[in-house]
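Below sits a lone chain in structure tokens, taken as the form predicted on its own.
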């Protein structure tokens, strides 16, 4: 009998266990690290990844190890640097190695045996070589570069030639040509025989970026990775990247884990965007992992944004990142002039029309001269709440601590958190009053009001289009509506923030924000940063055609026109805004000058969730203080109840990232035991830690 070899295999163990490290199995051969296998786990057969191979087990040991059942030897093992990336992710975000490793691999891959994988690989090779790739084909002619673009590419090339690959912050105003920098940096990486990974924050931005890269890199193999792909499509893209057949990978945050053996460049477009932070399971930041991966792979990391995150900005100020700038638009086009409409001075309009008379006139003027306008309101539906003026009833959700939104199109009240939906009642459920009315406004109501108020020069209604999560549910609907905008078939585009970033609308000369004030006084310390970025990105949709730049404007309707944020916005002065915010955070001891984590607990009652967090805090007494970590009192989350589950959170703060990590590594295993110990009481349903949370 051949001697068995012990193998450490990463598997996704059940969430309620304390096991996070790879488990030991026996194999007939010493499989290399990174090999995909199937192993028994309890009564199940599950997928796993060989993490390391050991010596033959000691026969004297009383432990009876289970055997590896199958190995996918037809695939090259996952690269060692990929394993290191996953191990770092698991350690930093306090999750199991197997949980992270298996969650970022294509689900379809875990279902196939070695023969099926071999067939998929053969079909992929055949498909990709039916039209042979031509790495030596000259790319599509690049446009003439501006002086600033030439300078940036020169400095980027010099930095990339150093012994240590750089992390670069590319601060470029909207319309300054950042995408051209990405394209040329990718071309240089490909010419050197390396692969390039380009990350974008939103799925709806992937097709247009994919088209730009496909035009430039004719003959190169480009694949996409995002959640809108079918399981089969996702597996095909992953295999092409893993086998080194794909030259370019474009995707959303999950693509940061794409297995790429020749990775030479990572681009993170709109690096400030909160969509890069995963909100379930391992709550990782794809931007931060891209930076770490760049160091592992010796790859240049390019962080691009018109409004960099304050963490990135501060690191560039400290010299930890190379700072490159594109301060002007292509063709020397002007940024849109910002107009603030003081809503305190506007007349009250019967029916509560959301558009002020000056803005309405400006929209009609744009329609008359054939220009397009964009009006955004970051709230979908017809109205955020339906209410009764007689008794005060409001359309609260029975299962969440939020209001159900009134959707007029299908006459429903819909909770945007748990999905609970009912038909609009004919009368007030509490007092029978027939006159129940919408309160507040959403994009559906805004679209309706604009359709009533705006006319084309010939007297016909203006052509209004709405793009939000409700209007783009059907497959292909987003692409169709964007196509209509680009073709000039729309006069006014209404929508949420999904239309304010990344899109290159050539006919839009006016952008209007109708109700942005809510974030000015939020308890969340990051709210002003998000609002400023949103408004700057939105304004950047106007005047992207240099010939129209002189008449491009951004209108902001506000009740607080003297606020410092709007003063910085009027001057398009991100430097001033960032300096003010960083000064405030330095004095308050907030990130990037401290490090945070949130412990969240969910239970059927708020008392049970609070009790668990209080017990967790008691466990840490003394040890937290010694580690330099401060624990605050448990409080409800901003939305305290979702789908009949009560949610509480406990904030941790430390001036040292290392101290926070050491404390969490000691503390969290204690919480697993605490959870089990509470089985006899009213126990919690779930708990999780969020390292570097984006919102508190």
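A quick note: this is a predicted structure, and the numbers were derived from the prediction, not measured. Numbering follows the first chain given and starts at 1.
Just so it is clear, the following notes concern the form predicted in complex with a small molecule, a form of the same protein that is not shown.
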Subject >> Options 188-196, 170-178, 152-160, 117-125; stretch whose heavy atom lies within 4.5 Å of the small molecule in the model of the complex >> reply: 170-178
Original post:
Within 4.5 Å of the small molecule in the model of the complex, do 144, 504 and 544 each have at least one heavy atom?
Top reply: yes
Original post:
Which residue, 598, 567, 484, 330, has a heavy atom that falls within 4.5 Å of the small molecule in the model of the complex?
Top reply: 330
**OP:** Quick one: from 262, 212, 586, 323, grab the residue that has a heavy atom within 4.5 Å of the small molecule in the model of the complex.
**Re:** 212
